[in-house]
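Quick setup: one chain, the form predicted alone, written in structure tokens, and binding and motion questions come after.
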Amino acid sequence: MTTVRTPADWPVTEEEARAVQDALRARVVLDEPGPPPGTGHVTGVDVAYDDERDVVAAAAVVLDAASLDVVAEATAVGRISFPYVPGLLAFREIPTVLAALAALPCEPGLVVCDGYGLAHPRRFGLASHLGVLTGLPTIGVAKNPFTFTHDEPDTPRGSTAPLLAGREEVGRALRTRDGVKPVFVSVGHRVSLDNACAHTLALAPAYRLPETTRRADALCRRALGEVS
């Protein structure tokens, strides 16, 4: 497990954090399709918090995209690096997530975040932020629609409905199991929305959430429990 220090130049105010988002958002790449589903590696990242101890743990779990077998995993722990502010949650998570990714013994391939990319009030959620900083293709797969609206997708697995900010499509509600509540998929960096949805379906053959998220969630919670 890697222990992380908050970078010396890390934002400490909401104004500083928003200025960083504004500077980085222009670097998001939206015109690449991304890797084909079922090929190479795909990596889930997630975090868990212990607010009483001011500790955050991050996990990165690499899966073989074809078999969904675990290839490698890594964890990192550190101090919570930013206050809880809706729309700025990435600043609480990025240092430890970057450290977990850096500790992997292999290339992560596509990175799947438990959260949002363009489906964010400032169009720059964790998946986009992480993608720009690492250069990796990233997507966000969230459990709820945040502040956005959508119609219910049709009942069968694979059905979708646009996730909307007014008339702008910022992601999709995607049904990963027949008749089960959808997940909410958005582009992070260097992946198309169609491809992001195809990856999510390929990663969720048996459960509502993708295996990347399920594995990373379990690992970061275990890592948090091991912090003395």
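Throughout, we count residues from 1 along the sequence that is shown. All values reported here derive from a predicted model rather than from experimental measurement.
Here the subject shifts to the form predicted together with the DNA, a form of this protein not shown in this document.
- By the criterion of a heavy atom within 4.5 Å, residue 92 is counted among the residues contacting the DNA in the predicted bound form.
- The closest non-hydrogen atom of residue 149 lies beyond 4.5 Å of the DNA in the predicted bound form.
- Contact annotation for residue 153: none of its heavy atoms lies within 4.5 Å of the DNA in the predicted bound form.
- At least one heavy atom of residue 48 is located within 4.5 Å of the DNA in the predicted bound form.
- When the DNA is considered in the predicted bound form, only one residue from 71, 103, 136, 88 comes within 4.5 Å through any heavy atom, namely 88.
- Of the stretches 71-79, 117-125, 103-111, 153-161, only 117-125 has residues with a heavy atom within 4.5 Å of the DNA in the predicted bound form.
- Residues are counted as partner-facing when one of their heavy atoms sits within 4.5 Å of the DNA in the predicted bound form; in 132-159 these are 142, 143, 144, 146, 147, in sequence order.
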